[in-house]
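Just one chain follows, in the form predicted alone, and it is written as structure tokens.
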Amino acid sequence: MAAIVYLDNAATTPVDPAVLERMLPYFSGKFGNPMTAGRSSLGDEARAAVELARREVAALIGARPEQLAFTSGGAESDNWAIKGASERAALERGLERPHIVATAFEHAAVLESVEAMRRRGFEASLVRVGRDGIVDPGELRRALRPETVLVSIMHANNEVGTIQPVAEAARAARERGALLHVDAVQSAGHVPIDVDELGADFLSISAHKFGGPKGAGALYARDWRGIFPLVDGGGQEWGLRGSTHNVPGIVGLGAAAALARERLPAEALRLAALRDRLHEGLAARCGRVKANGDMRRRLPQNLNLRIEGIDNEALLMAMSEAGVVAAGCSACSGGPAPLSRALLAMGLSAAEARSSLRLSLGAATGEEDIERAVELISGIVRILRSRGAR
């Protein structure tokens, strides 16, 4: 049986073997609880591993270790930042109708957190996105009000991979006295990140998007005094997130962060070259192929395109049977091939979204994978078009 061509790394990545090797001892032999440090040698060992990981993750994003708290992943970090920071800011400013701004094509963890704050009496504005997949800083600035307490903008979109003008958003937010949350789940480990250059007050990351394990993530905070605790009780993470540390997961997150930092920018250049080769090959072999979103301001591993005359559900099913794994939209959208909320927010029609495909590369992607993907996908497209599939 031929090996699978895996082109859905935006959904999740395999754990890097070096990361797994670092993690394994902490499942059994080094099983201590970090909260027993000082009373147990096992606890001391676990605490040391957690703090090493904290330093490794901090180094990846240009932060100080004490500015990081470990979470279960990107969705938790997003929820914590939006709910905890906006409530704290609204209370401190004494606002009766505090206001939140986000972009219209944020991840569901952000959009649904914003909606949860609406139910708590907050007002919210969603900024439109252009067909290039990039938010207009002027539009964002016009959405701000004197009552705005928080702006949430992703560093790179999880479906089309376009990189957003975060630094401009930070300047606009600061002028209004608002905080800035950045969802960097798709970009961390793939492009350089410096929280000071971005101007982020809060930033979310997730291990499984760059060779680490599922169930491990982190939230960066410029100042922890600007956010309410996520989980009360237990005392972990300076009393901000009670819950026994997931030591193996945290160790894996740290190891993945260290590897990503070491491999940048060479890996980014390699993946961008492979992505462009994939794009060119599909355009040449399939015809009527158009990229969704700006191809220059984009993550190196992301290719989102529409193949005219094709229904992506039929295409994805046939691709899966042929051994090529990809997606039509975010893994969090549910269902086999639902319409992409991000593409619709960019102004694409339902028909255009339905013919779109997200192909995302990773550390294991090689030239042979690209060649095989082009051959298989183009062959399936020819068959589907000949049948008039749409």
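It should be emphasised that the depicted structure is a prediction, and the values quoted were computed from it without experimental measurement. Numbering starts at 1 and runs along the sequence shown.
Beyond the structure shown, there is the form predicted together with a small molecule, which is absent from this document and is the topic of what follows.
Student: In the predicted bound form, does Gln186 come within 4.5 Å of the small molecule, counting heavy atoms only?
Tutor: Residue-level check for Gln186: yes, a contact with the small molecule.
Student: Decide whether Ala255 counts as a contact residue for the small molecule in the predicted bound form under a heavy atom distance cut-off of 4.5 Å.
Tutor: Contact with the small molecule, no.
Student: My question is simply whether Met154 lines the interface with the small molecule in the predicted bound form - judged by any non-hydrogen atom within 4.5 Å.
Tutor: Contact with the small molecule, yes.
Student: Answer for Lys209 alone: is it within 4.5 Å of the small molecule in the predicted bound form, judged on heavy atom distances?
Tutor: Yes, contact at 4.5 Å.
Student: With the partner removed from view, which of 314 to 322, 232 to 240, 279 to 287, 177 to 185 is the stretch that lies within 4.5 Å of the small molecule in the predicted bound form, judged by heavy atom distances?
Tutor: Of the options, only 177 to 185 has residues within 4.5 Å of the partner.
Student: Could you check which residue among Gly74, Pro98, Pro248, Gly161 gets a heavy atom within 4.5 Å of the small molecule in the predicted bound form?
Tutor: Selected option: Gly74.
Student: Quick check on this chain: which one of His107, His190, Arg298, Arg275 has a heavy atom within 4.5 Å of the small molecule in the predicted bound form?
Tutor: The residue in contact is His107.
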